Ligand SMILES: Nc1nc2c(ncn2[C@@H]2O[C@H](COP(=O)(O)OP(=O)(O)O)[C@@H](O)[C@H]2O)c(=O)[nH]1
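Form predicted on its own, single chain, as C-alpha cells, below.
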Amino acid sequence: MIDSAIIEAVGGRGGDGAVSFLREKFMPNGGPDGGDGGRGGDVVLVADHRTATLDRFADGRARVATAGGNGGPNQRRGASGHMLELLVPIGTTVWAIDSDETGTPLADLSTDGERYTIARGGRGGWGNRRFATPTRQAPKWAQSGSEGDHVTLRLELKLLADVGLVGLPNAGKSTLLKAWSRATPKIASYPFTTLEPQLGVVALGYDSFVAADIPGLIEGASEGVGLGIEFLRHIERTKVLVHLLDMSREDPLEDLELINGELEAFGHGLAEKPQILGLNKVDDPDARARVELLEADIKRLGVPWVAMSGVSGEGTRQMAEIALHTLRQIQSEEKYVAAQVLPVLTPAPARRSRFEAVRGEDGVVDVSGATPSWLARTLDLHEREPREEFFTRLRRMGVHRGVARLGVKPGERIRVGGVEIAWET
C-alpha cells in the first residue's frame, strides 16, 4: 500500500483576451468588443471513502487542469477551464514541501467529500473593450491570460481508526483483529507477516468501533528500523491503543517497555494515549503460567489488562468491551472540553498592502503584489499603449510614491513580478 506520495499540480492557464471591433450593418467602424478570456481550472483534492491508497500518484506525472478559453468577438467571454478533482483516501494530510524538507501542514482531509484546492487556475486576460477610454477609443491590443499555480506537495495517509493494535511482530495482532471482525489479514509465525495496516469493524451488537492492526514494531522503529515510521503515523489518529504481549516469550514486560519507548521516541502524543494490555496466547500452558507469575507486576502498571487468546477466542470479547468503554469515555470527555471552550474574539486582520517596493541586493527595486505582478506578466510591455496602461494603473495604486521613496528616477530599471522594465512617470 502506498501511503505517501509527492504530487506536482498545475492550475490551468487563463485564456487570452480578444482583440475585436464591432462590424455590423450600418456600423462598419464600431468600437472594440473583444471579450475576456476564461479562468483556468483549479486542481482540487477530494477525500473519497471508495479510495484506499495513494497508488494513483506513484507515476510522478504532473496533474494539470485545463486552460480557460480565449475571448471572442461580440464581447464573448472564454469558457472557464474544467476543475481537476483528484480523489484521495479519507485521512490524507497535505504538506507543503519546505526547503529543509520538514514540510508545513496545509490540510487534513478527514471526512468523506472534504475538499482542498491545491493549485488555482490563472486569471483570464481582458479583451480590448476593457481598455477603451475617451482618449483611446480603439485599442488594438488585449491582455494575455496568466499562468496557474504550480506547486509540489507531499500527501500522507493516516488511517482513521478508533483503536490501534500495537506490539512486537507475532504478538497476535492480526489474529485478534480476525477474531474481532471480518477482516482477513495475513497470519503466519514469522516476523512482519503484516506488511500493510489492516482495518476491521468490531461489532458488539449494541455498538461498534474501527480497529487497525499496525505492522509489528521493533527496537529502533521510531528511527526507521524495520517497518519503522512508515506505520507509526497510522496510529496518530487512534484514541486507544491495545498493546498485545506474547506471554509465551521469556520477558513480555521487557517487550512492553521496548514498544512504549518507541512510541515515546516517535512523539506526536502516542505515548500519552490510553493503553489496554492484552496478555495473549494463554491457550499455551506456559504462557498462562507466566501470566500468573507476573500478575502482581502487571497490576502495578495501573492499566487495564485482559488475559486472552486470539486463537481460542478467550477474553477477546472482554477486551473489545473494555476498548469500547475507554473509547466512548474519551470521546465524551473531548466533547465536554470542546463545549467549555469559550469563543475567542479577535480583531479583523489589517488590510494587506496592495504592493511592496524594496531595493534588492543587486540594487534593482523590486515591486511585488498580486495586481502589479499580474499586469506585468500579462500585458505586452514592449508595445507603447499596453505599457502606458501598465504605468497608469501602477500610479493609481500609488506605486510611483513607493518607488520615489527609494530614489528611483525615470528610465531606471525596476522589477515588477519578475519582469524588468524602465520606470516611467
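Throughout, we count residues from 1 along the sequence that is shown. Model, not experiment: these values are computed from the prediction. C-alpha atoms forming the largest set that superposes within 1.5 Å between two forms make up the rigid core.
There is another form of this protein, the form predicted together with the named molecule, and it is not shown here; the text below is about that form.
Checking Asp283, Asp108, Glu147, Glu295 for any heavy atom within 4.5 Å of the named molecule in the predicted bound form turns up a single hit: Asp283. Pro169 is the sole member of Gly103, Pro274, Gly261, Pro169 with a non-hydrogen atom within 4.5 Å of the named molecule in the predicted bound form. Only one listed stretch (133 to 141, 307 to 315, 264 to 272, 116 to 124) carries heavy atoms within 4.5 Å of the named molecule in the predicted bound form, and that stretch is 307 to 315. Of the heavy atoms in Thr175, some are within 4.5 Å of the named molecule in the predicted bound form. A displacement of 2 angstroms or greater separates the C-alpha positions of Asn170 between this form and the one not shown, with the rigid core held in common. Residue displacement note: Val311 has its CA displaced by at least 2 Å between this form and the one not shown (rigid core superposed). Once both forms are fitted on their rigid core, the CA atom of His243 lies 2 Å or more apart between this form and the one not shown.
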